[in-house]
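Next comes just one chain, in structure tokens: the form predicted on its own.
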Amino acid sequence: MSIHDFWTPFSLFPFLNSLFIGISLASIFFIAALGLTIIYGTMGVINMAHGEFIMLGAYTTYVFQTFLGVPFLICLPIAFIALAVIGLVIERGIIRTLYQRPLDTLLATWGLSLILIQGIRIIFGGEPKYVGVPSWLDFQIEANFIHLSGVRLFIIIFAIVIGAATWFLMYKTTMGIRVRAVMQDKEMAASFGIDANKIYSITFAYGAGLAGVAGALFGALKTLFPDMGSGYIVEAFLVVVVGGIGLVGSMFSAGILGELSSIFSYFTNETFARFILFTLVVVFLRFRPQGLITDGTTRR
């Protein structure tokens, strides 16, 4: 193998296109990590089943679209509600009893992820499933150096909308104030009459719902498999740990990781790009373990 088989020489237009693809990757990373950011940032729960929540959102969309003929756009709120209900049940039934035991929480959610994978495999089998792309998203942008599908453009726009909506919810509403109060000091928040357990339940349900929406979007992008969640959970965790525990930090880290991944893939290949990216993340965390952006929050 020569160096030219491994290393792609620089060329302006293909490189600019890779930067644009990086924006698409960043939006996928951000949507995949958003629910995890909310849950981990508020509750300190390392939810190893987050990828399987994404998978359940994709299969929920598949069921409603294939068997009930529900349009794709309507499937997005349905996936959110379905996973929010599932998340609420899991928080009340499993997570709530393990709040003071982080290692047990990690193991319990990991076991839950295996149960969800096997459950979906029993119900739907291991064959690939597909979510239909609506006709109004079935187009391709071809302009100079830009080559982008309609689905990827929709995901970029949706990432901006859902990120802005979550920011508004967290920073401009009474519920958001209560959530941030519990994040900063649970006991102090309780002294002001804030029910931390209720906040935890709502937060976990909201985070799970966001994962469901992510699954619905990713289902239109890729084939559905019972273990498809594992393909997103690594990037989601990278975004959360690099960005810190806040929403803004996750947005910046998703952008940086998406662009770096695309640039490294352009010059080498996807496998080596992931190797470089993971190495850089480890080095970064060695010198800044608190992440990119910290707002002085101390989780109690």
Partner chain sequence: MSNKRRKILKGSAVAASAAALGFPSIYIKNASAAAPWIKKKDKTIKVGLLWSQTGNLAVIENDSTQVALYAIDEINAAGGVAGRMIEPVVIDAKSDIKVYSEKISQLILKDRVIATFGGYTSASRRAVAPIVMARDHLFYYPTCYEGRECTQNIINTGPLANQHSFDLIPFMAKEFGPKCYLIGSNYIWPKESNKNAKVWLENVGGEIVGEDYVPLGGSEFTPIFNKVRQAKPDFIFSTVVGDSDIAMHKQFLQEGFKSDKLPIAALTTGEIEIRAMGAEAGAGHFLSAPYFQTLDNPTNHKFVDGYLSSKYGGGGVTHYNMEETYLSLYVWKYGLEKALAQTGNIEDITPRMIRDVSGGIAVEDDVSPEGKVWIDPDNFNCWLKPKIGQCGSDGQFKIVKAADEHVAPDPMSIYPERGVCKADGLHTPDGKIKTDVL
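This structure is a prediction, so every number in the text was calculated from the model and none was measured. Residue numbers count along the first chain shown, from 1.
Omitted from view is the form predicted together with its partner chain, to which the following refers.
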Exactly one listed stretch (268 to 276, 30 to 38, 245 to 253, 48 to 56) reaches within 4.5 angstroms of its partner chain in the predicted bound form by non-hydrogen atoms, and it is 268 to 276
Heavy atom to heavy atom, is F225 within 4.5 Å of its partner chain in the predicted bound form?
yes
Answer yes if any heavy atom of V151 is within 4.5 Å of a heavy atom of its partner chain in the predicted bound form; otherwise answer no.
yes
Would you check, heavy atoms only and a 4.5 Å threshold, whether L221 touches its partner chain in the predicted bound form?
yes
Is Q140 close enough to touch its partner chain in the predicted bound form, meaning at least one heavy atom pair within 4.5 Å?
yes
Counting any non-hydrogen atom inside 4.5 Å, which residue from R92, K186, H147, R180 sits next to its partner chain in the predicted bound form?
H147
From I194, L106, V133, I160: within 4.5 Å of its partner chain in the predicted bound form by heavy atoms is V133
Its partner chain in the predicted bound form - contacting residues of 20 to 59, heavy atom within 4.5 Å:
I21, L25, I28
